[in-house]
Ligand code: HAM
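First, one chain by itself in structure tokens, the form predicted on its own.
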Amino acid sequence: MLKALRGMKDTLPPQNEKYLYFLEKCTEIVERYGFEFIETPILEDTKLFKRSVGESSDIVGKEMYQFIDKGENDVCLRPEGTAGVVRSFVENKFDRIGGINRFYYHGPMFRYERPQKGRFRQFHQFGVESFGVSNYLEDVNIILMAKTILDIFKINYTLHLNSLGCTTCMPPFRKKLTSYLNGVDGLCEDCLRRKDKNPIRVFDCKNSNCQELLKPAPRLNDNFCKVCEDDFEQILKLLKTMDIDYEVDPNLVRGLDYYSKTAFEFVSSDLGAQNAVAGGGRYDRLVELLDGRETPAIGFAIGVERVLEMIEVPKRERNGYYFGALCDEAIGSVFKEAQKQREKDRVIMAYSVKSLKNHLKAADKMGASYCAIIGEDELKNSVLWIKDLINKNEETREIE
């Protein structure tokens, strides 16, 4: 028997009901903040992710679904959403038009890694990207939007925050950190690889021995330039003013190379080792890195599968009509009336003749508000027998 590939699964009822409910609520919230929907291809040029996500990242180094297609193009299935949105932003010349552009997206992403609770090889993300605003207030705005989404689903979390500095304070800090790392023995292979490509990524290592070795390492928080220091302080001050709890986490560097300045994660204790349910940050250099004009930008993404484990869908209210026939002669009339009713309502029709009792059972099971029936008598008198399944009233109504 053919089966889905390991780490990839079907989304079936009732889980898909949760998925659609999640998308509906997220869309409502982000559109209130002025974001508009964007959709980018699932398949992209591999260079896009090597240049944006970074070759020091685990995603590019180990996890991409990469292959040569029939046209000899080096392509891959997208491992995350931001790079594709930025590529579209530049390709469609939004960077040249200027102004503020805010987008949201959702869809499948792909990473070849060991499947575990809350982590699959095909997974879904809901994300937002904001272009054209450098003000720290937009950082807070983005964080609040992610918080609002998690709050509406009653998800327990802790907000972790850090700043990754800018082109002024990062280069001297990188030199200082590299000097420290060169004097340390015992780092894992990943940290040795990251040390030369993007040393700040060593703080993302989950190896306990590496974490011990990194305790005396210099931290960016002690090496900020004045602008980064002031912006980060203002963000923390505003969050405190709004009674939003947070933890400053100097080890938080996110898993992607393109972040700068603000970085954040929402971490839930209700999950296992993969405990981040949402995360994001500022990436002011990425548009320029992908051949666009310098444009400040910030965004976040939510791991949908992780969130679905923790949300409950409200019981669906009854809605729409169930149409059924009591005799073969009535099937044509039922079909015609069901189709007319679909112009304004959800309608389910039974194609086979059943007893009234069985039609009512089926209508109840399908969550209809009304059960409309045509039998011999109704056909003769051009009427519909209708039962209101909410308040149990019955009536006969002329078809016209």
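Note that residue numbering begins at 1 and tracks the sequence as displayed. Source: prediction; values computed, not measured.
Below: the form predicted in complex with this ligand, not depicted.
### Message
Using a 4.5 Å heavy atom cut-off, which of 74 to 82, 169 to 177, 202 to 210, 239 to 247 contacts this ligand in the predicted bound form?
### Response
Heavy-atom contact with the partner occurs in 74 to 82.
### Message
Can you work out which of L161, A301, L220, V287 has a heavy atom no more than 4.5 Å from this ligand in the predicted bound form?
### Response
Checked against the cut-off, the match is A301.
### Query
Pick from R119, R193, K147, R293: which residue has any heavy atom within 4.5 angstroms of this ligand in the predicted bound form?
Contact check passes for R119.
#### Entry: Residues Q125, E129 and G281 all lining this ligand in the predicted bound form, heavy atom within 4.5 Å
Spot residues vs this ligand: full contact, yes.
### Message
If we define contact as a non-hydrogen atom of the residue within 4.5 angstroms of the partner, is E309 a contact of this ligand in the predicted bound form?
### Response
Although this ligand is absent here, E309 would stay clear of it in the predicted bound form, with no heavy atoms inside 4.5 Å.
### Query
Would L187 count as touching this ligand in the predicted bound form under a 4.5 Å heavy atom rule?
Outside the cut-off, so no.
### Query
Is V277 one of the residues lying within 4.5 Å of this ligand in the predicted bound form, judged by heavy atom distances?
V277: yes, in contact with this ligand in the predicted bound form.
### Query
Just to confirm, R111 within 4.5 Å of this ligand in the predicted bound form by heavy atoms?
Yes, R111 is a contact residue.
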